[in-house]
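What follows is one chain in structure tokens, specifically the form predicted on its own.
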């Protein structure tokens, strides 16, 4: 599976002023594409902290590095500049990115969201990209996303405003994601197990996991009680949907047989969307 790391920036997140929902959303999308998010971290809007995290991701050979936040016009929006420092690239005004910013401010002015569409230095700042990077169209906000390829990794910078992040991820970023992840597919199913004691399930889960190393099994208890049931998720990523289905089906069949042997049954199998 392709290793992915996420670096989120924002003092407001670490102060508890804003809840980070972006990371959860991106993790779910990356997992659905067949990627593996190995690490996600939140750092302050501080140049050294962001540079350190980006370089750390590169040292761990993360194939895809996604930054979230710090792409606006204010002086504390420094994520793109930090990426440039981390990869030792110059920060340059990108003509296409500038046109994207200009087009958006003209739209904002037409809609009455801003009084003047003039490209000020603060607005121009959002068109500064590391050398070799390409802008990603932002259908909602002003700051374009950024895609930068290094020798070993792809770095994607996304805004922290959820609607903007989702708009870029589901739009302009899709060709790059399809090229990176190819036809790989993620599949997850949920087994409802009539068992009230997780310690009984533990050796069964261990045995099935060892026999099916490509399938991840995880039990989740909702509560304790005489009528308690366990929710066991089985998930896998395969080179194709068919392979993923086969892996899950084989693991479920063995799981069912192992449970039958100890007098425990599976009440239902559900597809997790």
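Bear in mind that the values here come from a model prediction, so they are computed numbers and not experimental data. Residue numbers count along the first chain shown, from 1.
The discussion below concerns the form predicted together with a further copy of the same chain, not included here.
S.K.: Does each of 66, 177 and 212 have at least one heavy atom within 4.5 Å of a further copy of the same chain in the model of the complex?
M.R.: Answer is no for this spot.
S.K.: Among 106, 76, 96, 137, which has at least one heavy atom within 4.5 Å of a further copy of the same chain in the model of the complex?
M.R.: Among 106, 76, 96, 137, a heavy atom within 4.5 Å of a further copy of the same chain in the model of the complex occurs only for 76.
S.K.: Could you work out which of 185, 142, 193, 155 is the residue within 4.5 angstroms of a further copy of the same chain in the model of the complex, going by heavy atoms?
M.R.: Comparing distances to a further copy of the same chain in the model of the complex, the residue within 4.5 Å is 142.
S.K.: Among 147-155, 82-90, 185-193, 167-175, which stretch has residues with heavy atoms no more than 4.5 Å from a further copy of the same chain in the model of the complex?
M.R.: Residues of 185-193 come within 4.5 Å of the partner.
S.K.: Determine whether any heavy atom of residue 243 comes within 4.5 Å of a heavy atom of a further copy of the same chain in the model of the complex, and answer yes or no.
M.R.: No, residue 243 is distant from the partner.
S.K.: For residue 24, is any heavy atom within 4.5 Å of a further copy of the same chain in the model of the complex, or not?
M.R.: Result yes; residue 24 sits at the interface with a further copy of the same chain in the model of the complex.
S.K.: Give a yes or no for residue 259: in the model of the complex, does one of its heavy atoms lie within 4.5 Å of a heavy atom belonging to a further copy of the same chain?
M.R.: Output for residue 259 is no: heavy atoms all beyond 4.5 Å of a further copy of the same chain.
S.K.: Should residue 114 be classed as touching a further copy of the same chain in the model of the complex when contacts are defined as heavy atoms within 4.5 Å?
M.R.: Residue 114: yes, in contact with a further copy of the same chain in the model of the complex.
S.K.: What residues, if any, in 10-25 have a non-hydrogen atom within 4.5 angstroms of a further copy of the same chain in the model of the complex?
M.R.: Contacts from 10-25: 11, 12, 13, 14, 15, 16, 17, 18, 19, 20, 21, 24.
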